[in-house]
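So this first bit is one chain, no partners, the form predicted on its own, shown in structure tokens.
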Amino acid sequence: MSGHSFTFSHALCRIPALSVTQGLRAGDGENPDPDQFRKEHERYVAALRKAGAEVTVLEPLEGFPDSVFIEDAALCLKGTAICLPQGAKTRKGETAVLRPSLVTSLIDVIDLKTEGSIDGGDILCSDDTVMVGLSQRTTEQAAMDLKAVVRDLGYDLKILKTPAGVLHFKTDSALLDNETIFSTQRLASSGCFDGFKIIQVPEGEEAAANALRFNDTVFLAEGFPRSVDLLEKSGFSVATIPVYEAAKVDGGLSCMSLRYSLS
């Protein structure tokens, strides 16, 4: 088990904009509190640093309410950043604004050439396979065009289907190690994780599925005690982080950072 899919030396994060109150969301729930969101984001960054990362925190982008969810704009593999054309119209310019920071931070930057769209939240990577879940934000054309790019970096690419009503593939799944996936029942039952060991999220705690394995720690959102207990009994070191404000705009743990190593 190599582990470079969850072993990182660096991360990029972006401070939530005050305009996050206008962020995209599936329902009509309560707006996030920008000040509280920033406090929770600070705890998130501190947790990544404690787990061993050098974290670069970028300034907020008021013109892009969802820009705190930085993972959607790029895919980082083996020190290379692949800039992604995002699926939501209001987020189309985020990647271009992020690109200079990627050039500064990573070894190489590639722009994905495609007529389609793809969000980083729909991409789950093991050590040798890039799994892309098609969704309202990610098209088959973009996934096919990404396949040639990741092949040059030593990865196979599998195109899968995100269940209806689920925003992103990683809303319902997380890589725990190179053989193990933490998944909701609705995603696991699709058969997309054949060949992996699946640890199923406890019923009623589906939102815990957007976990984040970062070096030796599995981060979970606060408020899911049965998921914490299940993963600890499975041998994982678990820590919880509050992401209540991010959840109000359909965000979670994985989407608030771009994680990578330079070696």
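From a predicted model like this one, the values you see are computed outputs, not experimental measurements. Quick note: we count residues from 1 along the sequence shown, nothing fancier.
If you look for the form predicted in complex with a small molecule, you will not find it shown, but the lines that follow are about it.
In the predicted complex, I241 stays away from the small molecule, with no heavy atom inside 4.5 Å. In the predicted complex, at least one heavy atom of G251 sits within 4.5 Å of the small molecule. Remark: C255 counts among the residues lining the small molecule in the predicted complex, judged by a heavy atom distance of 4.5 Å or less.
Within 4.5 Å of some heavy atom of the small molecule in the predicted complex lies at least one heavy atom of L24. Residue L167 is the only one of V150, L167, A74, I181 with a heavy atom lying within 4.5 Å of the small molecule in the predicted complex.
Not one of R14, P34 and F64 comes within 4.5 Å of the small molecule in the predicted complex, counting any heavy atom.
Note on the interface: of 201-209, 216-224, 44-52, 65-73, the segment with non-hydrogen atoms within 4.5 angstroms of the small molecule in the predicted complex is 65-73.
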